[in-house]
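A single chain, nothing else alongside it, follows as structure tokens in the form predicted alone.
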Amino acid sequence: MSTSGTNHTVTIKDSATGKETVLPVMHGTAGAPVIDIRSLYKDMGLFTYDPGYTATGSCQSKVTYIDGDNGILQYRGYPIEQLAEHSNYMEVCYLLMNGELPNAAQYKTFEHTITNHTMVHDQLVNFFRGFRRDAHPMAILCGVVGALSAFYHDSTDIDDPHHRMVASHRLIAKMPTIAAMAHKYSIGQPFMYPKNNLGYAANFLHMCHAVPAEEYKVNPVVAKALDLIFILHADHEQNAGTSTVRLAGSTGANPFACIAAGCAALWGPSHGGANEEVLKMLTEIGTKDRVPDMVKRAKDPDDPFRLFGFGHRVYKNFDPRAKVIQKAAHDMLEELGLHDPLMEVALELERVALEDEYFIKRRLYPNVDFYSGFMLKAMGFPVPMFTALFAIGRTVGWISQWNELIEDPSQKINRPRQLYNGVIDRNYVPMSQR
């Protein structure tokens, strides 16, 4: 790296041809500097090779900042710990979408807008009846969210700021309704309409657990815990789901299609399905006395058994969301008086892992997925619904990132390149000669 005045640059030289080019180094307000390689192919005829894009910055963003080495997560500059303690999900949604925390009047207007968009077009009911009764909620979510563009034509013009705003509000408002309908359909119960006198999380709980035959009172402890889960999952920088939303958005696709693409990416067990895998793992372990043996198996490279919920692709320190949700999980179970045998297994596994040199050396700390599964299970949600709840919380992040993409004049249609290793220059051979 060479320095020219106050501007840093990197000089790239091709040893075979002697050609060289100077690339600027860009500096954000925080995080590692980024080499601007946009002119590399034009000047040198070279592309970069980065499987998984682990060293590639795909965009400029002001939404979320992560420092994985120091365990920092900030939404628009606000630490996740402060938002989790003092804020609620609706306020966080406003923050992510608008860049600033709302005043009282702005918050009231925003909450009212979201609340009055929670109902879905009644003909959407027909979509649900087309699925098998045992369809996975995420399969339904992907299909129905994508179909919203067929019902709301007045908010699909991505070049119109008003259309984008209306679509954003609709997606945040309707995602819980669609997810609740997917849940009700899978258990053979009638759909429950949204109730405008309930908060965002409480309304979702009511749509999932109430039945027409009797009154259902939402437990405020559970509603507060679910609201916290939504906050912790609201955004997480350029993860697989968000990158998918941005990639789809770069083509000019409508917002409903882009969010449906995000749902599809989130469905993967390595992404949004991780907390589901944690519960399966704990069930396989069974009892706390088996934890040492299972930890030993997890260390064995020749054993297929894996421990889920430890470590993170980005965080090389403790996941800051895990610190928040760890306490919330314990408090909620204690306040509700619930005893879950799997929680005993989890606590023992957590203790062993945090004291074991193998995990400490590799920085394999419990992450947010390690704890969230217990909370969702205690709230009465079946395991297949876990990823759908993740999608509800993440929708505002997807929308914020999508809007930022649309408004960024430097963005182009995403088109990664490749390192081709296949056969070349073949001539077609007629079938009779093969």
Ligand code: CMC
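Heads up: residue numbers just count along the shown sequence, starting at 1. Only the largest set of C-alpha atoms that superpose within 1.5 Å between the two forms is called the rigid core. Remember, it's a predicted structure, so these values are computed and weren't measured experimentally.
What comes next is about the form predicted in complex with this ligand, which does not appear here.
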The one residue among Cys142, Val324, Leu307, Met332 placing a heavy atom within 4.5 Å of this ligand in the predicted complex is Leu307
The listed residue (Lys195, Arg313, His121, Arg351) that reaches within 4.5 Å of this ligand in the predicted complex by any heavy atom is Arg313
* If you check in the predicted complex, do Ala298, Phe359 and Asn367 all have a non-hydrogen atom within 4.5 Å of this ligand? -> yes
Original post:
If you check in the predicted complex, is His271 within 4.5 Å of this ligand, heavy atoms only?
Top reply: yes
Checklist entry - So in the predicted complex, does Phe374 come within 4.5 Å of this ligand, heavy atom to heavy atom? => result no
Considering only heavy atoms, tell me if Phe390 and this ligand come within 4.5 Å of each other in the predicted complex.
-> yes
Among 263 to 271, 89 to 97, 129 to 137, 243 to 251, the stretch whose residues bring a heavy atom within 4.5 Å of this ligand in the predicted complex is 263 to 271
Rigid core fitted, then: does Leu342 show a CA shift of 2 angstroms or greater between the shown form and the other one? no
* **Displaced residue check between the shown form and the other one: Glu357, CA, 2 Å or over, core reference** => yes
Q: Would you say whether Arg306 is displaced between the shown form and the other one, judging by a C-alpha shift of 2 Å or more on the superposed rigid core?
A: yes
